[in-house]
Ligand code: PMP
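Presented as structure tokens, the chain that follows is alone, the form predicted on its own.
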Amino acid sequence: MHTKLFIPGPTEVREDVLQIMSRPIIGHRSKEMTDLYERIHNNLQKFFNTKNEVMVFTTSGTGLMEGSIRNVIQSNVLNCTNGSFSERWYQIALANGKNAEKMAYEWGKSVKIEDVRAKLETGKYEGIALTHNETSTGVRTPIDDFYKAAHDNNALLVVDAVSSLAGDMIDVNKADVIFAPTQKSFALPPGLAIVFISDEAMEKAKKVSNRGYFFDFIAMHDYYVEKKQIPATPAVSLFYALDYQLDKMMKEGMENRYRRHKEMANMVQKWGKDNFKLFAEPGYESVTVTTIENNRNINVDAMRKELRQRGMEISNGYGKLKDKTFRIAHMGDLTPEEIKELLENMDEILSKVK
């Protein structure tokens, strides 16, 4: 029996998308691959309404956490942390030899613009590393004001939109670097990650030493300009899937896609409030994943086991939040009808689980 995924990655992938991946492999230096990547490149710009540079890497979101820090930060970066994945990004900055300063918030809270602005006004930082949608806590931090604050102080805004891009309504033009993998709101298998890069960030990258090799934005850009291809061997089958999925996404339209995600979020968050308590700070709830506080102290794994027997899967809390919370994703190609079915099953299970 297929287990439908309501977890925050990998998300549910539809059968037609999986079938596209069974096409015969083409040479990664062939004209067919050139045409495929150029079409993906142009459609990503079209769908997200941007002229910013766009690149597709064969990697995870974590790969672009590292790549973005290496490309646009020479030394000083402000890492805003409010959960496990923003904390990981801080650790990545340190591991790459950057002078990273952590501005930490309690898990469940949003990063606040007034705090960041005060830090930026010192003139110390080249950039801010900000997680738009903290997957571990279900907290959403709006980015628009941070972009202005960064540019007012000669800094760049670098955004992890791992679990929100293509689900939440995000203006990618309000970030200098913004990235996401394909296994979350894009509703594709893991293995690709997409990044949008502003002209200012590309210019900064030219001046940064030790950008690395695989994630070098300048090398990637130059190779595309010259050949409309990718320097390293791409995951061809996943590019088939991304190309196909972009066509579907454009037919739906970003506004409709956002409304669907918002409707599902409202359903889950109402259920969470009625039965438990939301973990996220009020007003900062994610549009794509809800973290629910286990204030009834139920056996989360017992609930998840029963759900799996019914062909559905949700996530336990992440890291130090395990058993203290659980997470329900409402992202990708899921529908309100599927969310309704999930919640009805959870209502039945809750009457049995202690």
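Every value quoted in this text rests on a predicted model; they were computed, and no experiment measured them. Residue indices: 1-based, along the sequence shown.
The discussion below concerns the form predicted in complex with the named molecule, not included here.
The candidate site formed by Thr81, Gly138 and Arg140 is entirely out of contact with the named molecule in the predicted bound form, as no residue has a non-hydrogen atom within 4.5 angstroms of it.
Residue contact with the named molecule in the predicted bound form: Val162 places a heavy atom within 4.5 Å of it. Gly61 belongs to the set of residues with a heavy atom inside 4.5 Å of the named molecule in the predicted bound form. A residue is said to contact a partner when one of its heavy atoms sits within 4.5 Å of a partner heavy atom; Arg260 fails this definition for the named molecule in the predicted bound form, lying far away. Among heavy atoms of Gln269, none comes within 4.5 Å of the named molecule in the predicted bound form. Partner proximity in the predicted bound form, defined as non-hydrogen atoms within 4.5 angstroms of the named molecule, places exactly one of 217 to 225, 146 to 154, 251 to 259, 178 to 186 at the interface: 178 to 186. Taking a 4.5 Å heavy atom cutoff to the named molecule in the predicted bound form, the contact residue among Tyr125, Tyr105, Tyr240, Phe85 is Phe85. For the stretch 119 to 135, the set of residues having any non-hydrogen atom within 4.5 angstroms of the named molecule in the predicted bound form comprises Thr131, Asn133, Thr135, in sequence order.
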